[in-house]
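First comes one chain, alone, set out as structure tokens in the form predicted alone.
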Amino acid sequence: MNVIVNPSEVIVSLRAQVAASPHDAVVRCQLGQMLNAIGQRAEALGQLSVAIAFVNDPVQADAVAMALREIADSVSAIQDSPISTIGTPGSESDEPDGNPPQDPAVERGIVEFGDANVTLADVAGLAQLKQLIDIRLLRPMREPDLAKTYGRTARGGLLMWGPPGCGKTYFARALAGTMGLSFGSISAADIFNMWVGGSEGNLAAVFNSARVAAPCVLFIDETDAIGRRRSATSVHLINRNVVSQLLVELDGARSSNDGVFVLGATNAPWDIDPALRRPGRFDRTVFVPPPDLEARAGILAGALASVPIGQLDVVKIAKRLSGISGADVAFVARTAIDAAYEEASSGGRTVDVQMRHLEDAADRSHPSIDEWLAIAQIAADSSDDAEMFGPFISWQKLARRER
């Protein structure tokens, strides 16, 4: 029996795996090859260029390099003009009249700024995190004169870190919405490509776009991949150059960053180059923990809002899901919905999602962040950075008591 594989479904699955394990070079390589197979060569190059930074095995490094060359050859074959050394391969260069585009990053599809559409009021739970964000970022904006009196400013970068699947991207978008600013988001795959100067050029174009869109929030996902420690033996020369370019852009050495609020997100802050943590760069950090009880209940309620339900006690289920990621909580709801759908499909009638569906799904749930927690604990034990790891240690104590 032949099994027909839908490339789109495979890509969705691989994207989810990359989001959960950003440093998994093998999965990134598979995603890059699948993207190339359906003609999305620019993103394929980005994924593979990030993958090569995390490869420690020489055989794997050769395989990724070969995949990069194959894509590069296919790009060269379909282009009539020489490939630009600055920008994403396969993207359009100058306008027909010879004038450069006003906003290169937007022209190349790297980043686009728009309404955030959500605010912190839409984020369930996480009261302590919201209070910390209010003190460090929102109050200096609301009370600029008072903040100036005490030398406080909202300028610079804020680094959000925590386990995968806990809503850092959503939280960043909600921050932009609360601040009333436009929002633009990039990840490592949007920046990296194999062409000389291309990755640095993409990063410069993104910051230029942010300056044009100011006041705005520029969200940089996978900051550890873009700003990886330059001292690491596995770091490719391209990565080192990108880190240097990111330092230049954050410093605003060539252009003012007034009105550009940079939010970074990472699962592995211990892998970020120390230079990026200095004043004026990502000099403030916040730990985004797994969802608390209120947030877990909110995730369950939100996931079940559009399907037929019976009498449900989502708080009771949420209490059983302590210490797992938001993505894991959402998957519990999805599993319960699927179970009700299968019953409805077999019986030819509508079946409400009941407590038994949720309880069974909760019984079968498996936390996806246990390995991350172990790595983070090792990093915390070997670090004296109380600002970064203090909130993580405090959360662990609370999580143990909740269990």
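Heads up, when I say rigid core I mean the largest set of C-alphas that superpose within 1.5 Å between the two forms. Here the structure is a predicted model, which is why all the values come from computation and not from measurement. So that there is no doubt, residue numbering starts at 1 and follows the sequence shown.
Form predicted together with a small molecule: not shown, discussed below.
Among heavy atoms of residue 168, some come within 4.5 Å of the small molecule in the model of the complex.
Not displayed here, the small molecule is approached by residue 327 to within 4.5 Å at the level of heavy atoms in the model of the complex.
Of the heavy atoms in residue 221, some are within 4.5 Å of the small molecule in the model of the complex. Contact check for residue 297: no non-hydrogen atom falls within 4.5 Å of the small molecule in the model of the complex. Just one of 202, 209, 239, 267 comes within 4.5 Å of the small molecule in the model of the complex, counting any heavy atom, and that one is 267. Checked against the small molecule in the model of the complex, the candidates 147, 124, 301, 247 yield a single residue with a heavy atom inside 4.5 Å, and that residue is 124. Residues placing heavy atoms within 4.5 Å of the small molecule in the model of the complex fall in a single listed stretch, namely 327 to 335, out of 239 to 247, 327 to 335, 175 to 183, 313 to 321. Relative to the superposed core, residue 206 shifts its CA atom by less than 2 Å between the shown form and the other one. After superposing the rigid core, the C-alpha of residue 121 moves by less than 2 Å between the shown form and the other one.
After superposing the rigid core, the Cα of residue 186 is displaced by less than 2 Å between the shown form and the other one. Note: residue 27-residue 327 Cα separation is 3 Å or more longer in the model of the complex than here. Closer approach of the C-alpha atoms of residue 118 and residue 334, by 3 angstroms or more, is seen in the model of the complex than in the present form.
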